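Consider the single chain below, provided in structure tokens and representing the form predicted on its own.
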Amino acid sequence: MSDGALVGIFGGTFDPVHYGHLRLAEEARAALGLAEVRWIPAGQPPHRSAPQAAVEHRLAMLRLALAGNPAYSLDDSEALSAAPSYSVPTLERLRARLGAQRPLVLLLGVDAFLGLGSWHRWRELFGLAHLAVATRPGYTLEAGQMAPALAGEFHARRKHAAAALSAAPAGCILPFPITALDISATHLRATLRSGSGGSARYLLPDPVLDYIAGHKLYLADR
């Protein structure tokens, strides 16, 4: 991979990974010209309750879901760490490994981006990566929807073309539209908990659904 190749960073609990995650990553790869998407599952997410599936199961499901796509890679460093999974330390670690000039692109959904002001050391993100914000078709992300501090960053950093991501290693905010798939891990877990696993088919890859059934995951609340 050349030093100018764009690397997408996609974090989350992936509890479980589903087609909504996969479509976001694939459409980001195509729309933004990413050479690679690194999936980084959280071990101890600080902004939400602990994942229901144990880390070894979430990693196994991700490996099944990502198999066969050479543009996808799995980084298990955060998942296997006992420390809280904050984005700034994650990006600092990747910077140390990939170098200061490699463009990194943090992939976020709209809801996550709008809540950015509550993140640990959130302003430091812009010195470490670009932020690409996936929006629903027909949805326009505007500064008026944001808290004032985030709106100021958005106004100063917003770009309208993916080419801007290659011009610098970090610092841009780029909204981009993706296909709207109304799939949530919360709904999937509720469906699986009800015992009607068949109704979850086509919402996540078959090997992942078979793994869940084989290991009897999500059958009870924690």
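For clarity, a rigid core is taken as the largest C-alpha set superposing within 1.5 Å between two forms. As the structure is a prediction and not an experimental result, all values here were calculated from the model. Note that residue numbering begins at 1 and tracks the sequence as displayed.
Below, we refer to the form predicted together with a small molecule, which is not included among the displayed structures.
Check all three, 14, 136 and 183, heavy atom within 4.5 Å of the small molecule in the predicted complex
Each of the three qualifies.
Region of this chain that lies against the small molecule in the predicted complex, out of 27-35, 159-167, 64-72, 184-192 [heavy atom, 4.5 Å]:
Looking at the partner contacts, the answer comes out as 184-192.
Does the small molecule come within 4.5 Å of any heavy atom of residue 108 in the predicted complex?
It does: once the small molecule is placed as it appears in the predicted complex, residue 108 has a heavy atom within 4.5 Å of it.
Contact of residue 205 with the small molecule in the predicted complex (heavy atom, 4.5 Å):
Because no heavy atom of residue 205 falls inside 4.5 Å of the small molecule in the predicted complex, the answer is no.
Tell me, yes or no, whether residue 60 is in contact with the small molecule in the predicted complex, where a contact means a heavy atom of each within 4.5 Å.
No, residue 60 is distant from the partner.
Indicate whether the small molecule has at least one heavy atom within 4.5 Å of a heavy atom of residue 112 in the predicted complex.
Looking in the predicted complex, residue contacts with the small molecule include residue 112, since a heavy atom lies within 4.5 Å.
Rigid core superposition, residue 123 Cα moves 2 angstroms or more between this form and the one not shown
No: residue 123 shifts by under 2 Å between this form and the one not shown.
Comparing between this form and the one not shown on the rigid core, is the C-alpha shift at residue 136 2 Å or larger?
Residue 136 C-alpha, core-superposed: shift of 2 Å or more.
Would one find the Cα atoms of residue 137 and residue 186 closer or farther in the predicted complex than in this form, where their distance changes by 3 Å or more?
It is closer: in the predicted complex, the C-alpha atoms of residue 137 and residue 186 lie at least 3 Å nearer than they do here.
Please check whether, in the predicted complex, the CA atoms of residue 181 and residue 137 lie closer or farther apart than here, given a change of 3 Å or more.
Relative to this form, closer in the predicted complex.
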